[in-house]
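Single chain ahead, by itself, as structure tokens, in the form predicted alone.
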């Protein structure tokens, strides 16, 4: 049996995207799901966790920009019962937005060490075996220190490597900003799925492209997507949109790179666990 034939892939919960990925995301990978706000990243993550639950698996969903209840309600709108899975002990939704005291699955501070510890606690609670993990989004952990994005992303990937997880880390881009909040996640990821939106002829349109997926001869075309009531994310087909058009504007990329270089020059020389060299 070849390595490709023996590689186990996990469904994203969206059949068209699975086909674009030769069957799904390779088990054990860390995948960056990046893009502007409102492009569909959270919906994609809900589908990914839902696909695992529907096949009898387990999941951990960390939400930093919406409450737990908001995520549960959104899932139910697309026919995915997060609440039942929570009650059955197969899903943990960690709420990093509300931070309710006394809630065992809340984060009180947007601290990466606390994040990793809480994820490990949730994995132990779920028990033996593989689980899917979503952190939506990682950007919240470095909003005031974007130069730490790569270090924090690597720390999450490294610390969780032995816990039998397949991980999606989302990250936001603000294309009007000089700061790039996605670079850290992309540097450490085994795969990159980029979402984008545009207003064309007065209509909001959403797109995705798979920019990278190791060990996968993935589809390299830009696809138009939509969010449909009762169904969630659907793929409408290839878009008349080049990958060059889909990329961030060169002026924005230049500012993002310049900002990252400047910030990196200002941080102390420390190793990944924060100890001096």
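Numbering follows the first chain given and starts at 1. Please read all numbers here as calculations on a predicted model, not as lab measurements.
Just so you know, the form predicted in complex with a small molecule exists too; it's not on screen, but the next bit is about it.
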Heavy atoms within 4.5 Å of the small molecule in the model of the complex: which stretch among 51-59, 24-32, 214-222, 38-46? 38-46
Assess the spot marked by 63, 113 and 159: is the small molecule within 4.5 Å of a heavy atom from every one of these residues in the model of the complex? no
Just give me the single entry in 206, 151, 118, 194 that has a non-hydrogen atom within 4.5 angstroms of the small molecule in the model of the complex. 206
Of 100, 77, 143, 200, the only residue with a heavy atom within 4.5 Å of the small molecule in the model of the complex is 77
Partner proximity in the model of the complex: residue 228 to the small molecule, non-hydrogen atom cutoff 4.5 Å: yes
I'd like to know if residue 166 sits close to the small molecule in the model of the complex, meaning any non-hydrogen atom pair within 4.5 angstroms. no
